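A lone chain, given as structure tokens: the form predicted alone.
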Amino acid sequence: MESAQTLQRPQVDVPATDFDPYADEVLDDPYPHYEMLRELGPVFYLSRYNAYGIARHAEIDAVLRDPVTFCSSAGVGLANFHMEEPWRKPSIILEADPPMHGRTRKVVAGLLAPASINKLRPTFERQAELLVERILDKGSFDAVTDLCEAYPLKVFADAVGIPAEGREKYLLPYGDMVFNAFGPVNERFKACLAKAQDGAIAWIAEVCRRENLTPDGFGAQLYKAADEGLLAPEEAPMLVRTLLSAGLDTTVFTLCNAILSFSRHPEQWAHVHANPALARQALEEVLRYESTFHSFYRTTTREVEVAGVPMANEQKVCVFIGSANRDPRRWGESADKFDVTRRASGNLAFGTGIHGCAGQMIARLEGEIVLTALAKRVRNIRLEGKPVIHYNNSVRGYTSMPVSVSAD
């Protein structure tokens, strides 16, 4: 079958660009590049990758809300799984279309529904309070390792029910590999795949086995769903792996982006410190202003027009989430301003439609709880050195971020 890489450029009158969204210099500061893409038009052609691109909020929202025309089963990365052999088995929830998607999504969404995750709130709050005590005692620390990674590695991994040993070594490299795979097979992806193959992939497979999970965690509940016939037996461990890859790195990076945003905009932190009840609203603004996910793909299932541009069947379409969340057509002239008083609902940080992130409720819960705990105790957050970007093909976060905090 013809590979996606051999498809010819569509013969249509659409702006073309050799822009590379995966270049280091773009990842350093993508927002001026996103402005350029939005100004090209509602649809443009990425000549390097033989894919259409969309960078405006309205068109991305429409594409994500039409899973029949713009499918996920061909992969949510650049590779077209309908036209080339996947390098790994596709996700049975993220890279599945109805009816399979509805069946597996229903089970996972039930686990992560508000009624379920709210039971975790007291434990999550206590762990956040303990963590804030530790960083206040330190005064100066690395926000990435000591806060943004430490919290979800504890509370989320505990909630899934995996063993404690090996989390810090293996969980994040595994997620890094998964999210890098949404882009091209570049040197960045090859390097993280090699790192994951050096223990992380085998470790993940082992800890997701039924006998290695705690009896009351999300993982055990997925196996119970298989016992009840809601899942096939082989699907339970696959969904446990999906929880770990989808629910950890994104929360880590969201917290990184929050700490950096508040350290750069102390007047905004002053609002939250003065009124910790603003934490949830502030988190939404962080998700809009510094989106964790920056881009992924959908694939056309038929000939279709988007904003007047005809697209063939099996055409890859890159949606630039990070750009949509800064689009002044949606957010007004202050789109590039960080403002925690903004009502940022409608941001696409977790996607939208039937493939909107199934774990967004628990991710929002973790973020809200951490920001609330910080707001109650921490008056000042200061950046004490240059943050080190974590380069990834799809998500935006940091490897190191030296900061200091002080209390009232």
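Numbering starts at 1 and runs along the sequence shown. Fair warning: this is a prediction, and the values are worked out from it, not measured in the lab.
Just so you know, the form predicted in complex with ligand OVM exists too; it's not on screen, but the next bit is about it.
A.B. asks: Counting only non-hydrogen atoms, which stretch in 159-167, 183-191, 129-137, 241-249 is within 4.5 Å of ligand OVM in the predicted bound form?
C.D. replies: Looking at the other structure, the answer is 241-249.
A.B. asks: Quick one: of Gln221, Thr300, Gln268, Ser91, which gets a non-hydrogen atom within 4.5 angstroms of ligand OVM in the predicted bound form?
C.D. replies: Only one listed residue qualifies here, and that residue is Ser91.
A.B. asks: Among Leu147, Val286, Val178, Ala196, which has at least one heavy atom within 4.5 Å of ligand OVM in the predicted bound form?
C.D. replies: Checked against the cut-off, the match is Val178.
A.B. asks: Is Phe320 close enough to ligand OVM in the predicted bound form to count, meaning some heavy atom within 4.5 Å?
C.D. replies: Looking in the predicted bound form, residue contacts with ligand OVM do not include Phe320, since no heavy atom lies within 4.5 Å.
A.B. asks: Hey, in the predicted bound form, is Tyr151 touching ligand OVM, heavy atoms inside 4.5 Å?
C.D. replies: The answer is no: Tyr151 has no heavy atom within 4.5 Å of ligand OVM.
A.B. asks: I'd like to check something about Phe253: if you look in the predicted bound form, is any of its heavy atoms closer than or equal to 4.5 Å to a heavy atom of ligand OVM?
C.D. replies: Outside the cut-off, so no.
A.B. asks: Hey, in the predicted bound form, does Phe293 get a heavy atom within 4.5 angstroms of ligand OVM?
C.D. replies: Heavy-atom contact with ligand OVM at 4.5 Å: present for Phe293.
A.B. asks: Note that ligand OVM is not shown here; using its position in the predicted bound form, name the residues of 329-363 with a heavy atom within 4.5 Å of it, in sequence order.
C.D. replies: Residues within 4.5 Å: none in this stretch.
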